[in-house]
Ligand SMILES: C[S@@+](CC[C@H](N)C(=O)[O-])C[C@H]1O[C@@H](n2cnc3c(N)ncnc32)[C@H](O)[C@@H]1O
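Single chain ahead, written as structure tokens, the form predicted on its own.
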């Protein structure tokens, strides 16, 4: 019998810390693995997408989202010839195509040298797009995940890659406590049975004076009836991977090139949304200064992008 699902069984979609300890873990290694495999296999809808692609043009887009600096890798490679290369290769004309999956609207931006020489941790690295972005900006990066194909993808360009369940950090991995200048945890905390404990574990990895960037779903799109009813059908009515994949493609319809976003929305057993007050409380509880919501001005936002600095006197 499957574990109790808070969204379908208890009508709980917005996380409250009082729920901590009430739900059970599931097989997290399988949740995202299928989409990373489809990416590596070159499946339409799972490649050439902002949410997964790791090629130079897409990493330059991620760098621009973080820093505001355009064509960073291109200019580093070609110098004064970069504009000519853009024209000859048709790179500028591909910009709209590279927007499938959506662009980030972050402010304030990071200085272009912000990550230079820093030790960073990418928790839930997936196929590695943010790992490669941080590496390109001069950081050293440890990439961890529980997905076989995510780790396989990230190992293509990073040597420090490890299978790690974030719930192991507190008791089994003291070597990671306070070890990083910058920790990134993108789209992971809210897909667990206990987001409070997950956040605390992630926060442990940041050294005093270091920074933690978390992306979690906001109580907007992912709390909508469309998402809830689609997920309920996916998890309760469909039994086989083939049935579920067919349903992903049905939902995507003419938006086929964006299929990975639909799979990402559907395949997690837990899909909590987190409000701003809870996030502010988490950062304060774990010894951080009041965080910045980097996409506060984004219209119709589906997620919170939150950056906090750990106080110099913080412990744990």
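Positions refer to the first chain, counted from 1. On a predicted model such as this, the values are computed, not experimentally measured, just so you know.
Unshown form predicted together with this ligand; subsequent notes refer to it.
Trainee: Go through 174-182, 241-249, 160-168, 105-113 and give me the stretch that gets within 4.5 Å of this ligand in the predicted complex, heavy atoms only.
Mentor: The contacting stretch is 160-168.
Trainee: Check whether residue 216 has any heavy atom within 4.5 Å of a heavy atom of this ligand in the predicted complex, and answer yes or no.
Mentor: Heavy-atom contact with this ligand at 4.5 Å: absent for residue 216.
Trainee: Mark residue 234 yes when one of its heavy atoms lies within 4.5 Å of a heavy atom of this ligand in the predicted complex, and no otherwise.
Mentor: Close contact is absent here: in the predicted complex, residue 234 is far from this ligand, nothing within 4.5 Å, heavy atoms only.
Trainee: With heavy atoms only and a cut-off of 4.5 Å, decide whether residue 221 touches this ligand in the predicted complex.
Mentor: Because no heavy atom of residue 221 falls inside 4.5 Å of this ligand in the predicted complex, the answer is no.
Trainee: Should residue 201 be counted as a contact of this ligand in the predicted complex, where contact means heavy atoms within 4.5 Å?
Mentor: Heavy-atom contact with this ligand at 4.5 Å: absent for residue 201.
Trainee: Would you mind picking the one in 56, 64, 264, 257 that has a heavy atom within 4.5 Å of this ligand in the predicted complex?
Mentor: Only one listed residue qualifies here, and that residue is 264.
Trainee: Using heavy atoms only and a 4.5 Å cut-off, determine which of 32, 282, 269, 39 is in contact with this ligand in the predicted complex.
Mentor: By the 4.5 Å criterion, the partner-contacting residue is 32.
Trainee: Mind checking whether each of 273, 293 and 303 has a heavy atom within 4.5 Å of this ligand in the predicted complex?
Mentor: No: no residue has a heavy atom within 4.5 Å of the partner.
Trainee: Judged by heavy atom distances of 4.5 Å or less, which residues of 143-158 approach this ligand in the predicted complex?
Mentor: Residues within 4.5 Å: 145, 146, 147.
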